[in-house]
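The chain below stands alone, shown as structure tokens; this is the form predicted alone.
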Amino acid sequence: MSGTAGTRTRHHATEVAVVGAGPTGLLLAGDLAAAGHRVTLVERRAPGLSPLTRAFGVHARTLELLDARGIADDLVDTGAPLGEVRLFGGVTVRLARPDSRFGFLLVTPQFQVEALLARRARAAGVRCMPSTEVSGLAQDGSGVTLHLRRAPGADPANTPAVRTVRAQYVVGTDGHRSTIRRALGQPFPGVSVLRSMVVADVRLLEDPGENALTVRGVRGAVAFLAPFGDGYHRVFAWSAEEREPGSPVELADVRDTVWRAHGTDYGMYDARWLSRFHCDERQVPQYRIGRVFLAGDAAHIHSPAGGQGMNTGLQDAANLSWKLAAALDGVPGAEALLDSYHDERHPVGAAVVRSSGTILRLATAESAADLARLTVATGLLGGLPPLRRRIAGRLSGLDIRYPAPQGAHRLVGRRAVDVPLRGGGRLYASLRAGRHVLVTPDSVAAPAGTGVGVGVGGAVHEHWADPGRRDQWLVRPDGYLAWAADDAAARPPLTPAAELIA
């Protein structure tokens, strides 16, 4: 359809429009397309992946979710697994867990995550609109209209000046400056923690000799250091001599701050990336406004301490994608299911803001009171292994639990451990079907009237590898327990609204 002279206007209908093609948007779009739904991915950047990205770590829970999509092992091959986080004067938090295949922090650049997720999204049939930005949004009872325009610098020959997308649902995954959040009129309350933090990828002449993410600081300087496994190390550094976020960064500045914090600069050289950024802690009050949702940095931002930012966004996407698919499939009770996205993920985002902020505040302690708190915290961490395990569970995401209905089984809302299944399979491989998985003893047949099982699209029905187990699990597509029973006589609920909503 033609518009005014010199412009072109196009209209496009889709089921879900995802705005923002970072890791969160790519995972969400790929999930929905793999479930058979029409998805449009809008991205203001030109086609291609930037090799310069702030996120650097993939935690165990995120790797489990990628495993449920068949791409975790490929990602592990791109990076360096770190088994420990070292905090404040040598306190070691070990990440290994016997209940996970991924007892480590994988240090790998964000662009490696994006590359895998982009290939998956394309293969599933996601329609991409690069070099395109949102200029307006309007929603009604039946859908959302997105008004789009050509992004600055885009090629006019390949990108229409104006177009409109009509979708049943829209998800804003477009970062901390989210256009979707602003279009909704949603506030982004919070505080600025540090005005200027430096991020750098550098080579080191001296091997730090630590297979760990290391955080060290002194009064007025702190530095986070982690190896990528390709000869480069990622460095986050801050000193009390703050500069404006946009001011140039010199390698000498990074060397000086790392030396002050670590007692050496490790012979730092050959920086392939140097940048400054503003460190804020903010969270949107509502993750859902009608037919529009917010996820990832569009919903929450926080300190890089602990490397949880990209992970929290990817876990947002995994929580939301199967619920949107259920709504598009017309599952009864889907509205309440969509509301549960905010109910489950908003508290997780708030907890990440608090925990990453605590690490950063302790690491940058300057006042006598803050330094006293750091001394107390270091002593507690050093002397209490259960506290270190608790911190490891929070950092890795393995101990995240969602609210459960009153009277529910003790496991409902908890992460499902990847257990072996009869025939040599395992739970997270079965989750690759994108459906619920019902795991039972051999004596339990699929519930009557539901074909292969229960739940959205029919659950995959599996049996325990251990013939002595008598309990049952109904596992959601995002790997959390929707229902459980301790004996083989119990029957899972058949009403989606009852079985899916915590």
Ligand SMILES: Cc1cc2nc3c(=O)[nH]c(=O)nc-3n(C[C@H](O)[C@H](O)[C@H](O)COP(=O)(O)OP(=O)(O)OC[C@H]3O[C@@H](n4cnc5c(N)ncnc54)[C@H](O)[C@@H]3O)c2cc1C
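Start at 1 and count along the sequence shown; that's the residue number. All figures in this text were calculated on a predicted structure; none of them were measured in a lab.
The discussion below concerns the form predicted in complex with this ligand, not included here.
Looking at W473, you'd find every heavy atom of it more than 4.5 angstroms from this ligand in the predicted complex.
Taking the partner from elsewhere, R45 is found to have a heavy atom lying within 4.5 Å of this ligand in the predicted complex.
In the predicted complex, G175 approaches this ligand with a heavy atom inside 4.5 Å. Although the partner is absent here, V460 lies well away from this ligand in the predicted complex, with no heavy atom inside 4.5 Å. Each of V19, F56 and F236 places at least one heavy atom within 4.5 Å of this ligand in the predicted complex. A single residue from the set P109, G307, G217, P227 has any heavy atom within 4.5 angstroms of this ligand in the predicted complex; that residue is G307. Exactly one listed residue, out of Y266, Y232, F188, F277, brings a non-hydrogen atom to within 4.5 Å of this ligand in the predicted complex: F277. Heavy atoms within 4.5 Å of this ligand in the predicted complex map, among the stretches 464-472, 66-74, 24-32, 432-440, onto 24-32 alone. Residues of 129-168 placing a heavy atom within 4.5 Å of this ligand in the predicted complex, in sequence order: T132, E133, V134.
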